[in-house]
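Let's start with one chain on its own, the form predicted on its own, as structure tokens.
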């Protein structure tokens, strides 16, 4: 038993079983292996969200579910672009309200349950004119980015005669110049910041720098002037478009032989288009600035490359713009500067202009960056995908290139660079419009089912493109699905779309012999009746749609064709007859003919004569209608007299 216990303690690899004849079975132990050297790997720095990112990478985007920023509730899932904006801003408004309560009633939130404590959850310090402050308070506020409080504390220190050293003044100068002495919107309000940026982008650019404000006072207080003080003020003025004074400060620094850094020159290159009027003057100034950087042995970076391309993109002379861009790219490649997606965005807007020769530069770009993963390195990186898809649709009309762009977008974490919801909407607008023009309707509808409605909600213009594709392909079986989406997306007040849907259903009569289209007449009738009811309901709204003769005629035709909706068709015709003096236009003669045919099948001579009377009153063709009524019914004396009064006695003799 002792031997058995000892053998169990040995590793299995060290046991050798030896079977010999005549001696029985016995065990021997091999020599112990040499000691292995264990090397402990170096510690890898991990961020607090690395584990979450690793888990998220195992799950793709669920196209059947809305974005996680919306409440997972059927009543709170947006179904139009307007509600997308409303719901996201409402959610952030709730956060702002909660934050306001935390600040207004700070006595209720003084407890610290989290260990270690979370600063963001604690009420912020309130500073007033009576507060006891020192330079450490100012330093802490600057580090936290609390602009308003930092300015208040600085003024208190000045009032109390407490000296602030130049290093602290420099830090405050950088903070004030970065925000132009305006309290920024907190970073957590992402949606509000996006919508604000989009609204500001539509406004005309103009100087917003505050002349003579705290930034310039801080700059004047720093003596002697340092490269950092010049750089902070120049960059602030350039950012808020005080262009002339920013450039004058740069020249002043050069005259005083104060060497500035690369990013300061980048800020000036970005505003060259506002300093000079013509393309030649702008290019000449860019060359001067680059030569100054070379003399000061400043190494250009990605910001320099993108600033140059931004300036070149403003050239009205597209030949000079293209040649200048082709000069810049090899130079920066030799310097070891790797382009970002923002670089390729500028190349697209330089080469693929609306009134310029067609350029296939996007082909070379996609060959160069295909299959690569990117991260944000420049503010314009998020503009690339929307612009690339716009080029694929409007400049080249190339489906294969569009699919390459979409493949690149879904490579790795590249979807993070699509930008805000506005740019995402532009991207998919162009993508769907291009596919519905170039793909078969069946392939297009597969893509449509994946994207709509949780990733993208088509605008009325794109919905019209989709209806056009359905009309060209005669794919009337897709109309009920499209109409259902139009109702959800609140497109039922667009008269042009309503007429388009009706025209497709009327002109593409379903083939009853095909199994896939046997239910279509009934479905089309339901669509027509739903449209009729919604137009009647819209009369009480601000955005109302008015009936037209053509619209009512198409609705009448579709109801008649279903075979089971004759009563509804009679109601619609009664409305046409009663409101004929208010309705612009008249139904098509084919609509009246089909309705009369339905009255014959349903043995309703009174409705048939009503239709004939309407045709007579509106100067429409009546001979064929009267003949069909006369042949299709065994008319009573009253009905026959009515027929004679409408078309005359001579008709019966023919």
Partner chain sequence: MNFLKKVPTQILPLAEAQLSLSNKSALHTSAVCCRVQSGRYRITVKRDRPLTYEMANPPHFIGHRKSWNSWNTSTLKDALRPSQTAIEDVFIRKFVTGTWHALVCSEIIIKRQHNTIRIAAIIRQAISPRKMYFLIGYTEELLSYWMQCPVTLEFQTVADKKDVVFKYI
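Note that the structure is predicted; figures quoted are calculated from it, not measured. Positions refer to the first chain, counted from 1.
What follows is about the form predicted together with its partner chain, which we do not show.
Not displayed here, its partner chain is approached by residue 71 to within 4.5 Å at the level of heavy atoms in the predicted bound form.
Although the partner is absent here, residue 195 is not a contact residue: none of its heavy atoms lies within 4.5 angstroms of its partner chain in the predicted bound form. Using a 4.5 angstroms threshold between heavy atoms, residue 94 counts as touching its partner chain in the predicted bound form. Although the partner is absent here, residue 278 lies well away from its partner chain in the predicted bound form, with no heavy atom inside 4.5 Å. Note on the interface: of 71-79, 352-360, 496-504, 416-424, the segment with non-hydrogen atoms within 4.5 angstroms of its partner chain in the predicted bound form is 71-79.
99 is the sole member of 292, 284, 228, 99 with a non-hydrogen atom within 4.5 Å of its partner chain in the predicted bound form. Comment: its partner chain is not present in this chain, but in the predicted bound form one of 327, 256, 582, 120 has a heavy atom within 4.5 Å of it, namely 120. Residues in 332-368 all lack a heavy atom within 4.5 Å of its partner chain in the predicted bound form.
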